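Single chain ahead, written as structure tokens, the form predicted alone.
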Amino acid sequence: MSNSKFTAGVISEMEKNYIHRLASKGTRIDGRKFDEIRPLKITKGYVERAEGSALVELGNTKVLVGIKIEPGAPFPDTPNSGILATNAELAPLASPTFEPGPPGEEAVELARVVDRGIREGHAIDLEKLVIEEGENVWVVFVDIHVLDYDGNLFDASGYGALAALANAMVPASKHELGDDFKLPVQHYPVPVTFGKIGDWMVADPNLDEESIASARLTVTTNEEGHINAMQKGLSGTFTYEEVQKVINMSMDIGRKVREIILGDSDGKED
């Protein structure tokens, strides 16, 4: 969406020219390489009362993801499968461009991109969440709360969702349905977003880079090197060669991020 609040930062022509000039020299406004993401820190179990949670700090972008799991009726067309539901909230305190009220287009888009990566990447074995086929299944709610917005909410939210799911417990005993058990996470699809600035593709665009990008592409890949989802944004275009380049870079970055998500302690990528 060319008029998205995700790209609504105000930036002067002088700053735009400066970012383009740096890109032509192979560098970026914060000194990163084109295929380098910002410092990443993931704190798992941030909210003790949630079934699973994670706080993600990607540069100055900060996102909190919480997991709630409760029993419910399955969808009629998938009686032998649990349910995944993803929601996003863009709190006004996170950015002056975010407004109070019900979820707008930007929040819906964010939730949809994160949900698609998890769902198409078969991150959760939903068939193991059946309590009674056709009658009762576990419903997994992924709630994304943006705390501070400085660009690239898609990746920060995706990392948080995966990390939160990875440490989530199904509260079976709470509902008198047996013993608690770990949520059956079987794959780790990691999203990596690129912004196109001039003729260059930059990974994990910050807010200034998002503001002048002509196109955006998010590629989600799993630990087996499979492409699980792709989402294009903004009005610009990518050539076939550019898409191939982005896919290759996303796989390399995804492997590093996945190691942090799977780490036993807080992960940091500096």
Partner chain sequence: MGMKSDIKLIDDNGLRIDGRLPNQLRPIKMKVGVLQRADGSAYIEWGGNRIMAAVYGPREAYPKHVQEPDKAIVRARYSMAAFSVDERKRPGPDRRSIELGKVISEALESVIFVEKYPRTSIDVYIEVLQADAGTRVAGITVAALALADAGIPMRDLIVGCAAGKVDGVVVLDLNKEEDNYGEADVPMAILPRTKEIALLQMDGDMTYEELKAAMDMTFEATQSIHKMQIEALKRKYMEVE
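Positions refer to the first chain, counted from 1. Keep in mind the model is a prediction, meaning the values are calculated, not measured.
Just so you know, the form predicted together with its partner chain exists too; it's not on screen, but the next bit is about it.
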Point to revise | Option touching its partner chain, based on a heavy atom within 4.5 Å in the model of the complex, out of Arg112, His175, Lys182, Lys128 | key: Arg112
Practice item. Using a 4.5 Å heavy atom cut-off, indicate which stretch of 31-39, 198-206, 54-62, 223-231 touches its partner chain in the model of the complex. Key: 223-231
Exercise for review: Please state whether every one of the three residues Ile11, Thr43 and Ser211 places a non-hydrogen atom within 4.5 angstroms of its partner chain in the model of the complex.
Suggested key: no
Exercise for review: Find out whether any non-hydrogen atom of Asp148 is located within 4.5 angstroms of its partner chain in the model of the complex, and reply yes or no.
Suggested key: no
Check your understanding: Can you check whether Asn248 is within 4.5 Å of its partner chain in the model of the complex, heavy atom basis?
Key -> yes
Review point. Does Val108 reach its partner chain in the model of the complex, with heavy atoms at most 4.5 Å apart?
Key: yes
Exercise for review: Using the partner position in the model of the complex, report whether Val243 sits within 4.5 Å of its partner chain, counting heavy atoms only.
Suggested key: yes
Study note, to complete from the structure: Within 82-102, the residues having any heavy atom within 4.5 Å of its partner chain in the model of the complex are Thr86, Asn87
